[in-house]
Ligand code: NAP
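Form predicted on its own, single chain, as structure tokens, below.
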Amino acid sequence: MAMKTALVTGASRGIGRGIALELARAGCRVAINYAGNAAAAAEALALVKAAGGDGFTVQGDVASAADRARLVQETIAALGRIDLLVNNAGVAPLVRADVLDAGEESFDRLYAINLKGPYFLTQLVAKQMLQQSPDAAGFRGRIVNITSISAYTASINRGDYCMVKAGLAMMTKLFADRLANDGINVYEIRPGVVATDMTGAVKDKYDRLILREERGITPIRRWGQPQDVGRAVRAIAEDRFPFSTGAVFDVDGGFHLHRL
């Protein structure tokens, strides 16, 4: 594969870092976006280079319009073009609250970071991609949205998170439809229970649910790892799905299966 360029939001830790590392193993140059943890981003960049890739770190809060514009500008300045955008940055609720008691502050925060930010960043990047010459396969770019099993699974103590992930799933369909004729394919990846900082606080709960003696919540009875999601993104970067757009890839240990 020719050396491709990728902008991965929230790439300093967790799933984002796993994605960046798999893209590096495919020979990509990666813009590693982070919101506040510069040390973690620098560590991720060192790992990317050790894995055979290259790139740079770029600070920016996807909830900020000015930061989104700067992310695109700095990525183009450093890498020349954007072949792949991965909308990965996201946060969990600061406080889990029943849907009858949940407040607007948490909802507004999650909406701004997890949905509004990716929506308008995708808009900016798509316009940049439309200006790019097609690659050898005829593509101007690819866009991947990292959603969650929460896009369709009700969790009544974090309804705000479920709603914005469901919105991101619809966003995938909208941009896939709009951009297909322009050589830009759009995909959704739905991780399940993945071992990251975000899930660390509920590790004991999910250990029981996944590993209990009877039937666990996932047919594949282990935690997901960031590299599991990274491998799915890498397959897209390597053009394994040229005749697919708007597709959903479940990386969830089989959680999505309806079982009796």
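All of these numbers come straight from a predicted model, not from anything done at the bench. Start at 1 and count along the sequence shown; that's the residue number.
Only in words, not in the display: the form predicted together with the ligand, which the text now covers.
**Q** Do Q227 and the ligand share at least one heavy atom pair within 4.5 Å in the model of the complex?
**A** No, Q227 is distant from the partner.
**Q** I'd like to know whether G141 contacts the ligand in the model of the complex, with contact meaning heavy atoms within 4.5 angstroms.
**A** Contact check for G141: no, nothing within 4.5 Å of the ligand in the model of the complex.
**Q** Using a 4.5 angstroms cut-off on non-hydrogen atoms, would V233 count as touching the ligand in the model of the complex?
**A** No, no contact at 4.5 Å.
**Q** Is G55 part of the interface with the ligand in the model of the complex - any heavy atom within 4.5 Å?
**A** Looking in the model of the complex, residue contacts with the ligand do not include G55, since no heavy atom lies within 4.5 Å.
**Q** Have a look at 125 to 133, 143 to 151, 78 to 86, 179 to 187 and name the one stretch with heavy atoms inside 4.5 Å of the ligand in the model of the complex.
**A** Contact criterion met by 143 to 151 only.
**Q** Can you list, in sequence order, the residues from 103 to 119 that come within 4.5 Å of the ligand in the model of the complex, counting heavy atoms only?
**A** Going through 103 to 119 in order - heavy atoms within 4.5 Å of the ligand in the model of the complex - there is one hit, I113.
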